[in-house]
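Presented below, as structure tokens, is a lone chain in the form predicted alone.
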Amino acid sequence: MPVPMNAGQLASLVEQGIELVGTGDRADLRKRLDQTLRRLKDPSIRVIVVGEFKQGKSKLINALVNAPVCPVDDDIATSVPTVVRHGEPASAAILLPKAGTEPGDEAALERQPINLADLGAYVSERGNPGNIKKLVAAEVFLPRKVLAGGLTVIDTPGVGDWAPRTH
């Protein structure tokens, strides 16, 4: 039976792979290996909260971090993923794709600071219906003990039908 590897051993293997493709004509593979290495070296724990529309995902995150960071209302829903992590002071930013870049390229994102109180205008259906502002995500940084150990919580747009249930 193979012995499981730890993150340090995996990172070392990925670094070797980066060296091998560094001399070749595989920029695409190099980019993916660089991204993998960044994730292996990132000690945070990501929890993605996923579910149907209007089922309390944002409310759950707000309760977890003890702050009203994710907009909650009877008739609005999340339209853009919202990443909530530790940071001081409390702040927010929106992530936009840089002009002329490929989707999925993390290095090709532009961060624009916004007022934390204005977050709903960017991440909710009311403020950004159907994500017409073309945001990739929003980030919220909070000085919360529950997040200090590396926990990152991600609020996501709902899945399924938007229509109210009749059963």
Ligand SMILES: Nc1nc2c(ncn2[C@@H]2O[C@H](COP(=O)(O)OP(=O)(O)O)[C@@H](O)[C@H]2O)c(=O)[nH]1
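Just count from 1 along the sequence shown to find any residue number. Not measured: the values here are computed from a predicted model.
From this point on, the text means the form predicted in complex with this ligand, which you will not see here.
- From the list 23-31, 108-116, 53-61, 127-135, the contact stretch for this ligand in the predicted bound form under a 4.5 Å heavy atom rule is 53-61.
- Taking non-hydrogen atoms only, residue 71 approaches this ligand to within 4.5 angstroms in the predicted bound form.
- Though the partner is left out of this view, residue 80 does not reach within 4.5 Å of this ligand in the predicted bound form, counting heavy atoms only.
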